[in-house]
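Given next, in structure tokens, is a single chain: the form predicted on its own.
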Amino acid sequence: MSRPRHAAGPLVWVLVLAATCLLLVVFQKVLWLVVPFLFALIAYYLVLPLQRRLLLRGVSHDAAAVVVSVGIFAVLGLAMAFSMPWFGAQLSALQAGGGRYLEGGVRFLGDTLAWLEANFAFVARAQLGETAMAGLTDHIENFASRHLAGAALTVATWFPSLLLVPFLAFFMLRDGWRFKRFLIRAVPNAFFERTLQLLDQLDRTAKGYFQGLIKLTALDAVCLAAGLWLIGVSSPLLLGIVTAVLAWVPYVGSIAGCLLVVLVAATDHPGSPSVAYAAIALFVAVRLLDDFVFMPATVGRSLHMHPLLTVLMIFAGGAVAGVAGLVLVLPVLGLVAVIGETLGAVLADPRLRARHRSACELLRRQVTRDLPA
């Protein structure tokens, strides 16, 4: 007769959500370490299959970690050496035309507002176009003095911490199994099996999420680049990659990427606003593909959560930790949920608790056997 399976109840999920929000607040204070650690995890799960292939061929664990790390660094170095001229040319073109793109975006917005005022009386009465254009012009004129210095300081502050990424990824490859063994040795024997199950679930959840995130980014980049190329926007591949990476920040990143592409489209085709509208339609189509096709097939497989819960937690993450919370909330929620469900099942299992009490009693008798009563 099989034993009943003890599942986590609503109290466990309340604690999971509270713990997720608390962790997001803490992580916001140590972003200099959390962000490199996340990038290192992505790199670790991307190259882990290569290391396992070497292990199956008889290579030692440490040697496999060294070979994979050196090989990946060499490949990335060659890729950067050959691609930097192209990326440099694309970025230089975008940077040189930065003011021109802003002017094109302002012109496109002015034309759109003028069309709305001409066709809708309530928009004309509200003088929306005049108010919006005045505020936008003031913001553009003072953008450099308000934001460029702070942006440069932020980049200079973050650059040293990003150098931790390759070192963290290497030590994850080399010593990750040692850390797992260290944790397992500290667990009482009664909970040993559940601990192994917990570590395996954590590993599979993180692996599925980060590998799914890379697949999702690649699919978004290909779809966006192909669509931008079809509608005639310049630098479609670069814009597709940049906007796909920006989409890692839920909602805010997608809006920023859409605005970037609309600026380029409006500038490339000043007399044809339909191209900018086509770019907006393309983003809407890709977002729908993400929600209903790409996301369930990639990232969604690793989280196994109701869509309503994920949406609510995204808003909660943004409320408690800002942009950092938007980026971190889904992976943190996935890992905390696995830990909470496992611990809840353990605490709800009377047989496991009885085994632990019995083991403690046997140990007490063994160590006090030769002591006087």
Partner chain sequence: MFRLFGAANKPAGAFPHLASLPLFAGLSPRELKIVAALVHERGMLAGEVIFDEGEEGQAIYFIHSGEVVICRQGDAGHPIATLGAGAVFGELALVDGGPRSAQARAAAECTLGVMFRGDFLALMESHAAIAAKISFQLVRHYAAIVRRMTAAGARP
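Numbering follows the first chain given and starts at 1. Since the structure is predicted, the reported quantities are computational estimates derived from the model, not experimental observations.
The form predicted in complex with its partner chain is left out here; the points below concern that form.
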Completion exercise
Given 192 to 200, 68 to 76, 287 to 295, 222 to 230, the stretch touching its partner chain in the predicted bound form at heavy atoms within 4.5 Å is 192 to 200
Practice task
Decide whether L309 counts as a contact residue for its partner chain in the predicted bound form under a heavy atom distance cut-off of 4.5 Å.
Solution key: no
Exercise for the section: Mark L56 yes when one of its heavy atoms lies within 4.5 Å of a heavy atom of its partner chain in the predicted bound form, and no otherwise. Expected result: yes
Practice task
Mark A359 yes when one of its heavy atoms lies within 4.5 Å of a heavy atom of its partner chain in the predicted bound form, and no otherwise.
Solution key: yes
Problem - Proximity of I280 to its partner chain in the predicted bound form, heavy atoms at 4.5 Å - result: no
Exercise for the section: Answer with one of A256, V187, L164, L116: the residue that has a non-hydrogen atom within 4.5 Å of its partner chain in the predicted bound form. Expected result: V187
Problem - Heavy atom within 4.5 Å of its partner chain in the predicted bound form - qualifying residues of 160 to 182 - result: W177, R178, F179, R181, F182
